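Encoded as structure tokens, the following chain is the form predicted alone, with no partner shown.
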């Protein structure tokens, strides 16, 4: 089946068209026909984080032009034999998204119905104003084209993203053995999830306060680094590690590893963030570049230590073979190295997403949409009841 997928959970507007099927051995097969993304990072940088009202507006402006672009990539952008009248019912679905409503009315009236079998849209978790743009457009398109629509959990997309081979447009998912363990690490989430089959998940641990990606961003602001903070902290940590700066022992920061030895699989990064704040307050009169590198190095080490120790322990307890890592923080090269080494020593295979689908993207929503479509026995969501849910849980 051909799936149009839409992702607007935060500050990326992304759409894809994917041809999906299930193989005889139960694996998933995908062919990427089109994939587009518009990032808002530059717009939100001055706020030090994502500003929801701005994100919503930019999604509304970008989504219809991106729809036309992805359909053209997929060879599905064709002129209608005659101009269509967009029904009031369709326009009403976009009444709170004026930019998207205007663009849809202007651009889709002359567009023939594309060869799409299913629309998959992120309906949570994420920023509610941003989510609603994607959900509203998906509902409008489903009604306009008479195509079924299904809501997708954003985190399920991240779970599945690590199963796509690198740099291949047509592929079968990487073979794994169930149950598998997924470590989800992003700006909004830090979770450990047992995956018993495609579409069957059990959350066994999560952050009790800040997500690890959020902690990276907050510490980056303390160090006067630009948003997003994760890549900047990783860059400074690598510089400190490779240059071996000669600091006095008393000058080297030492931060706690929160909940490292707790008996559960929950995480906490708020205390670690506070420890960085107090260290800067008490030990650094004026931050210089070497100070920033040393703090970034120790902070990153602390986060990765906790993530790796708890992940390996969970993998052992739940008797898994494969560990899947998803979310934007999965791109952290130090986390990749340490977890790969620890997994190899413990006899596990670890899978990280390829670079183009590690962050928020529409391809992972197509993957998850296909899984959910199979799970629901090909039953679409009812357009009138599909809602955005910013706190949706896996």
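Positions refer to the first chain, counted from 1. Keep in mind that what you see is a predicted model, and the values were worked out from it rather than measured.
The discussion below concerns the form predicted together with a small molecule, not included here.
Does the small molecule get within 4.5 angstroms of any non-hydrogen atom of residue 157 in the model of the complex?
No.
Residue 291, heavy atom within 4.5 angstroms of the small molecule in the model of the complex:
It does not: once the small molecule is placed as it appears in the model of the complex, residue 291 has no heavy atom within 4.5 Å of it.
Under a 4.5 Å heavy atom criterion, is residue 349 part of the interface with the small molecule in the model of the complex?
Residue 349: no contact with the small molecule in the model of the complex.
Whether residue 231 contacts the small molecule in the model of the complex should be assessed with a 4.5 Å heavy atom distance threshold; does it?
Flag for residue 231 set to yes.
Looking at 213, 151, 258, 205, which has any heavy atom no more than 4.5 Å from the small molecule in the model of the complex?
In short, 213.
Using a 4.5 Å heavy atom cut-off, are 217, 329 and 359 all in contact with the small molecule in the model of the complex?
Answer is yes for this spot.
Per-stretch contact check against the small molecule in the model of the complex, the hit in 193-201, 268-276, 97-105, 179-187 (non-hydrogen atom, 4.5 angstroms):
The contacting stretch is 179-187.
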